[in-house]
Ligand SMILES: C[S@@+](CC[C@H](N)C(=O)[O-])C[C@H]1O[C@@H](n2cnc3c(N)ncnc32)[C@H](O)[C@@H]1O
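Okay, here we've got a single chain as C-alpha cells, the form predicted alone, with questions on binding and movement later.
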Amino acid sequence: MTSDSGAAGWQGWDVYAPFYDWENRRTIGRRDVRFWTDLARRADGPVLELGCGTGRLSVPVARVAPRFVGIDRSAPMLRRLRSRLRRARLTAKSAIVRGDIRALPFRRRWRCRLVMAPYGMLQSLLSDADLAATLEAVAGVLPRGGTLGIDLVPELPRWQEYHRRVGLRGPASGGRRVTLIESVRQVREHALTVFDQEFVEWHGSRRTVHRFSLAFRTLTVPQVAERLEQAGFRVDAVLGDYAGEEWSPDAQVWIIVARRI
C-alpha cells in the first residue's frame, strides 16, 4: 500500500509528521535542548519559536519561559505538539498558531523577548525574498534589545548525493516497524539540497509507504549576518556548537545570536 505519494514542498512536512520524532531521536536527539532553554531563561519574557513542528524543543522551552508561542504551517505537526503540551500540563502558558512565518499573524503591538529559529529552520525558506520577509516579520514582534537565535546546518552543500539508501530502521510506537529509504539531490544552481524521503511502515504483515520531498537552502554566516543588518539587527555572537565554542567555517553547527536595534 502506498500513501501520500509525491508530496513535496512545505506539504512534505505534513507527511513527515508521524515520523519526525522517530527520526530525530536517532539523529540530533536532545543535544541542542540546553542551549535553547538557557537562551529562553536569559530572555526573561515571552518566547516565539518559528517552525515549532511536533515540539521537540517547544516543550522544554515552554517549561522555563513565562509564556511560549509556537508557529508552524503543518497542521499534523501541530496536533502532535498540542498533545505533548497537554501531557506536560503546559497549555495554560502556551499558544500554538498555524501560520506562515513570512507574515506572522500577530497583533501589531504583540511583542516577545526571544524568537527561536532552530535546527536549520530558516534554510527551509528557498529564496532571498522569503528570508527577507521572515526577518522583517520577526523584527516586528521584537522590541529593541530583543533576541533572535538562528541555528544553521552548514554541511548541506557538502552532502553526498545518493539514491535510495537505507538510512534508518527500527521499532516505532504502536508495534510498528519503520525503515527510512532516502535519496539526496544537489540543485547547485539554486543552492538547494533536496531530500527525497520514503518511510516504509509495517504493521504486522501490512506494509505502507509514505513518500515526500524536503528542500533546504544553503546559507552562510556572512549571508545571514548581512540580511540581519538590513532587517535592523546587530549580531552579538556567532558560535560553533551548543556549548558556546567559537565559530569556524568547519564547525558542525553554526549559531547566530542577534539583537534588535
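Note that this is a predicted model, so its numbers are computed, not measured. Position 1 is the first residue in the sequence shown; the rest follow in order.
What comes next is about the form predicted in complex with the named molecule, which is not displayed.
Exactly one of the stretches 162-170, 182-190, 140-148, 95-103 approaches the named molecule in the model of the complex with heavy atoms within 4.5 Å, and it is 95-103. Contact check for Met77: a heavy atom falls within 4.5 Å of the named molecule in the model of the complex. Taking non-hydrogen atoms only, Leu131 never approaches the named molecule to within 4.5 angstroms in the model of the complex. Contact between Trp22 and the named molecule in the model of the complex is not found at the 4.5 Å heavy atom cutoff.
By the criterion of a heavy atom within 4.5 Å, Pro46 is excluded from the residues contacting the named molecule in the model of the complex. For the three marked residues, Trp13, Leu57 and Arg73, a heavy atom of each sits within 4.5 Å of the named molecule in the model of the complex. Proximity to the named molecule in the model of the complex, defined as a heavy atom within 4.5 Å, singles out one entry of Met121, Leu85, Val178, Leu156, which is Met121. Taking the named molecule as it sits in the model of the complex, the stretch 139-172 never comes within 4.5 angstroms of it through any non-hydrogen atom.
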